[in-house]
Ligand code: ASN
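Let's start with one chain on its own, the form predicted alone, as structure tokens.
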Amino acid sequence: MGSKKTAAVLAIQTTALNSMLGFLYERGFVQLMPVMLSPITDPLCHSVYDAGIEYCGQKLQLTKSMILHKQIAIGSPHLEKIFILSPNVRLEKPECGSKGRYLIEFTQLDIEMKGAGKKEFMGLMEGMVCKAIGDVARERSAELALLGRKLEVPEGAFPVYESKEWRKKLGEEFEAELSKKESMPFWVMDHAREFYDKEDEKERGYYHNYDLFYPQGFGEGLSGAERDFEYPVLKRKLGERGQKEEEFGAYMELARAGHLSKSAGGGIGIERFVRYLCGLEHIREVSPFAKVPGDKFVV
């Protein structure tokens, strides 16, 4: 914990966070405080261990992500652009620990824009990521040198790949293969996953979602989508996924009453971004208190 390397990583993290939050402030975003316990949370599209507790006779869950709360908040007629530095707890299976990019607790910069489409949001994220990389490269040259890391600021729009096309070309591990070969961040579009990701109205099975990947094999760093928000659509998609409407309580009640809005957003994992900026082999090197799936925790 007391090493120069750890201090350098934390300095780079501080600069990156300051850059990203300043970028959002300058564009009129307002900050919400995180929700850490709730009757509802992101169902996720992969299996994790339960992180629920009982409190005063009510089942509460530790936040896996604030996606549902973001959609509820942005439904307000008085909010247009929001962000949250949100602590997330995902009790990943132990086999994820060796992959180098999973933590069971991490922080996500969650962002949502009312009325936005995917191109608008993706452009915003490209600007934010490029600014953060540039600020770190300029302000933290000594720390990067200590870590043996050379950063290049991307120029121009990020490459875009369609998931179905590249899965056919490279197989199920296509995202990892693309991450290894690319020299700049890139997008992968159209993933079949959570019920709130917008499905194309004419082309069923095509989803207006997007993941941002880092190059040099660092993998996925941001997940986002345009949102489905109309009650009949959400209800149908829950049924198709074998999920029950009552599991999402107030969220579905607001959808039924027409109080959700068209929006687009996403969440960028801070620790994964810092790992990429620093060129670290494993995400446990990002934090002095990192909790990697399968590890025994001492503090």
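None of the values given here were measured: they were computed from a predicted structure. In case it trips you up, residue 1 is the first one in the sequence shown, and so on.
There is another form of the same protein, the form predicted together with the named molecule; it is not shown, and what comes next is about it.
Would you kindly say which of Ala257, Met33, Ala250, Leu44 lies with a heavy atom within 4.5 Å of the named molecule in the predicted complex?
Filtering the options by heavy-atom distance leaves Leu44.
The chain here is shown without the named molecule. Which stretch in 178 to 186, 122 to 130, 136 to 144, 220 to 228 comes within 4.5 angstroms of it in the predicted complex, by heavy atom distance?
After filtering at 4.5 Å, what remains is 220 to 228.
According to a 4.5 angstroms non-hydrogen atom cut-off, is Tyr196 in contact with the named molecule in the predicted complex?
Contact with the named molecule, yes.
With the cut-off set at 4.5 Å between non-hydrogen atoms, does Lys70 touch the named molecule in the predicted complex?
Flag for Lys70 set to yes.
I'd like to know whether Ser65 contacts the named molecule in the predicted complex, with contact meaning heavy atoms within 4.5 angstroms.
Ser65: contacts the named molecule in the predicted complex.
Any chance Thr107 has a heavy atom within 4.5 Å of the named molecule in the predicted complex?
The answer is no: Thr107 has no heavy atom within 4.5 Å of the named molecule.
For the stretch 229 to 263, I need every residue with any heavy atom inside 4.5 Å of the named molecule in the predicted complex, listed N to C.
Result: empty, none.
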